[in-house]
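Take a look at this single chain in structure tokens; it is the form predicted on its own.
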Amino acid sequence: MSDVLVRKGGLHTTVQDKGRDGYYSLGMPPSGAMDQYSYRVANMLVGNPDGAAALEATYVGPTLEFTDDRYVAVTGADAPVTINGEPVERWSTLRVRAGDVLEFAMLSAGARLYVAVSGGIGVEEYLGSRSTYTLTGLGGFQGRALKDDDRLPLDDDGATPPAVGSTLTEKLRPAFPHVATLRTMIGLCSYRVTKDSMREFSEVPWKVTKDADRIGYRLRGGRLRFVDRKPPHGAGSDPANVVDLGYPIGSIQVPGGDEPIVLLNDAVTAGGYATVGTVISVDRDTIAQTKSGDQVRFEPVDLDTALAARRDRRDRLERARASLRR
């Protein structure tokens, strides 16, 4: 086992993998990579198994110095990448030697970068995952985001990656549109909002506020009105209050009616605010790559559409894998 010297931690860089599934009923969110597509392709590019731990960097990437020879790949948001000051390709299999330094410039589109290293990030597993859950300080590297001068352990490198220079074709990379469309299944508590407001919910563009992180994205743009009612026993006086219920990942709370919040990988698992819809799992990759000031629009879809989107992403990942074997 070797390690990586973290010269600069970046704005918020954490160890993440496919997530900590199976504990949601106990109040433990899955954490894991917010953009699962970019994370998984990064591992493909360095020959890692699908669940290997990688780094997720939000807005500003880290500066990393390697202490042995490794394969490296950077995917996700658009940002110039250099090794020892020389520009290198993103979405490509790269080779680094001991002493080489990987750096990032400011990103121009998207919000999250993924850095995979052959062998994977070698932190200990917690409940079957190496993902960081910073709210409780569990998992990942000491349960927190990376800091300057950390030494990040790497697992032994037995990977067989694609040839150095192998690059994922542009058509298989995610796009970052000006207004991101989030396909959404309406429910569980949409009955609390008037029909006119539910129509407005899906028609207006919503702006991502500065309160946007791994827990949730708070949005502004419209104002939803609630159906009059007598609050049920046990619920609060806010018109958005309901009797506590479980929150699906990607569910959309509407406290007050004017600032919907999309709950994401590190969010609470239950609560008492009405949730008017749930962003389908595939499009959580999309919202993960939006940043403060960007806009999103909710597109109502049914279950069949959501399942078809999941199959499409699986097929897209397999096409990516096949293209990198050539």
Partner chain sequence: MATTSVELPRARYDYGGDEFIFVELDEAMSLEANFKAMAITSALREENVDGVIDICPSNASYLIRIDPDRVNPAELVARLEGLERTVQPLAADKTLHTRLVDVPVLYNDPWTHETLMRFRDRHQDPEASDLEYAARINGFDTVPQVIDALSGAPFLVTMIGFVPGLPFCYQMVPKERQIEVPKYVRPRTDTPERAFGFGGAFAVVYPVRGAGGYQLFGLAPAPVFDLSQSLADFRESIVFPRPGDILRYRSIDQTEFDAVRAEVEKGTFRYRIREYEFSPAHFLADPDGVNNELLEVLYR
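Positions refer to the first chain, counted from 1. Note that this is a predicted model, so its numbers are computed, not measured.
The same protein also exists as the form predicted together with its partner chain; that form is not shown, yet it is the one meant from here on.
*Identify whether its partner chain in the model of the complex is within 4.5 Å of every residue in the set V179, P205 and V296, based on non-hydrogen atoms.*
No, the candidate spot makes no contact with its partner chain.
_Partner proximity in the model of the complex: T63 to its partner chain, non-hydrogen atom cutoff 4.5 Å_ = Close contact is absent here: in the model of the complex, T63 is far from its partner chain, nothing within 4.5 Å, heavy atoms only.
*Although its partner chain is absent from this view, report whether P248 comes within 4.5 Å of it in the model of the complex, heavy atoms only.*
Yes, P248 lies within 4.5 Å of its partner chain in the model of the complex.
_in the model of the complex, is there a heavy atom of its partner chain that lies within 4.5 Å of any heavy atom of G137, even though the partner is absent here?_
G137: yes, in contact with its partner chain in the model of the complex.
*Contact between Y217 and its partner chain in the model of the complex at 4.5 Å, heavy atoms?*
No.
*asked:* If contact means a heavy atom within 4.5 Å, which one of 171-179, 240-248, 115-123, 96-104 is the stretch that engages its partner chain in the model of the complex?
replied: Result of the contact check: 240-248.
_Give me the residue from F201, Y133, F141, Y71 that has a heavy atom within 4.5 Å of its partner chain in the model of the complex._
It is Y133 that has a heavy atom within 4.5 Å of the partner.
_Just to be sure I understand the contacts: of M185, A159, V88, A109, which is the one whose heavy atoms reach within 4.5 angstroms of its partner chain in the model of the complex?_
Selected residue: M185.
_Contact set, 19-44 vs its partner chain in the model of the complex - heavy atom within 4.5 angstroms_ = Read in sequence order, the residues that approach its partner chain (within 4.5 Å, in the model of the complex) are D21, G22, Y23, Y24, S25, L26, G27, M28, P30.
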